[in-house]
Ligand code: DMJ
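The data below hold one chain only, encoded as structure tokens and taken in the form predicted alone.
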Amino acid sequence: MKFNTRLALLSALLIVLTVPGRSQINFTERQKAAQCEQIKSACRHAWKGYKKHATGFDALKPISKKGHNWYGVSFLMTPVDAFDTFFLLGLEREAKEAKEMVVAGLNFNVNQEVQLFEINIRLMGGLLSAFELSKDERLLALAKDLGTRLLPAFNSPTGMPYRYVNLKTGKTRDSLSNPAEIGTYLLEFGKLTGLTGDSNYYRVAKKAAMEVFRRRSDIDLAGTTINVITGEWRNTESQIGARIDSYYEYLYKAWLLFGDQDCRQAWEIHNKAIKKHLLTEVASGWYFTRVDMKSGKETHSLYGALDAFYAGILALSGDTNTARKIQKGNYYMWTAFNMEPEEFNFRTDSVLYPEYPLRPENIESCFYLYRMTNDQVFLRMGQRMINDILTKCKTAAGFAAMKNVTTLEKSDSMESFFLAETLKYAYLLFAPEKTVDLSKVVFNTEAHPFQITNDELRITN
């Protein structure tokens, strides 16, 4: 099918889906419950495969049916990441099994270099959330131990952290970093400060994020890579996807969780500039392009799976009108190529990176938009995405990432975030709102829920 014909057909489909008043059958409560049960079954299937073939490892390889570790030792990423999902879904046996694995086997006193960003969002986030849900003090002790071992990474001349730190020696490495790997500690380190009373955790995390903000361009945009020793930008392309996404996310969510006015102001300044200089409309929808941070001139018309998160954070912040426009593009990206590719060119409608590693962001945006608008179009979008995953990615041992969405060739990977994020947001999209009250909970970028508590730190300066 030619490009223009395919685009016209998909655009027509999206109009039918999104125009109010069209004859669309709404989901009944029974249908929503059935969707939730289907997702719970998928969780059990993935966990069963992990237990049978990968217990003690970080993650499952669902095709070869083997375990996989990120480093020379296991940090039990899948059980840490999965616990709060099991808890929220009411999977009591699975939650108990995951917690027992963690408290019995997780140890950070190892001579091992780790990537600060991933360890923080997965392990620190997972442990803190698990503690708040279970009240098991052993989980908080693990989180505090990990936090202490991560602190040396922030000992740079600028206060922006190095990318790697050795958990035993504190030795750091790699000064060429990015906003996401610099600014995505506010929630976890702030929560650790609130639970332990040690203000140093939030202090270093906030300084790191504010150092990025302070180095924004005259048109209020951030670049993609920066040297944490000199503070100089090395890649001045501005975008909202990989290497920058959660920096923006955490500025707004630090305001929600802690009442941090500085972070709220930084979010508002960046967000205004992003919508002014990056937001672009084409026939298939609205997308965020990539521009030079100083001039605002477009550098590449690329968009992808990670970029899809921004519709959700906009909806959460109250800008549902812009979020709706972006989600139209997000949904086109999913449906135009069988499933969502990691990256495509929205101007030429061509896939650049055809992988789908089981990412959650598109479904996450459906979740926030549905919660903020109660418009069932987002349930229908989410249902399509979820059903694609559960049918096309399923294996005998779990669920596999896609190596190529256009051919539906699988790859031997099931990252821990599939249980932490993708299945959690898929469930919450259809679950009763009381399952998670967004006025009382803020999710970190790995979808670990943190409780908003009045007696916790309320940072205003």
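Remember, predicted model here, so these are calculated numbers, not experimental data. The numbering used is simple: start at 1 and walk along the sequence shown.
What comes next is about the form predicted together with 1-deoxymannojirimycin (DMJ), which is not displayed.
Of the residues Ala266, Leu306, Val291, Leu142, just one reaches 1-deoxymannojirimycin (DMJ) in the predicted complex with a heavy atom at 4.5 Å or closer; this is Leu306.
With the partner omitted here, the residue from Asp260, Glu361, Glu94, Glu343 that has a non-hydrogen atom within 4.5 angstroms of 1-deoxymannojirimycin (DMJ) in the predicted complex is Glu361. Heavy atoms of Leu314 never reach within 4.5 Å of 1-deoxymannojirimycin (DMJ) in the predicted complex, leaving it off the interface. In the predicted complex, none of the heavy atoms of Lys253 sits within 4.5 Å of a heavy atom of 1-deoxymannojirimycin (DMJ).
Taking the partner from the other structure, 1-deoxymannojirimycin (DMJ) in the predicted complex has a heavy atom within 4.5 Å of a heavy atom of Ile121. With a 4.5 Å cutoff on heavy atoms, Asp58 does not count as touching 1-deoxymannojirimycin (DMJ) in the predicted complex; it lies far away. Of the candidate stretches 388-396, 40-48, 59-67, 415-423, only 415-423 has residues with heavy atoms within 4.5 Å of 1-deoxymannojirimycin (DMJ) in the predicted complex.
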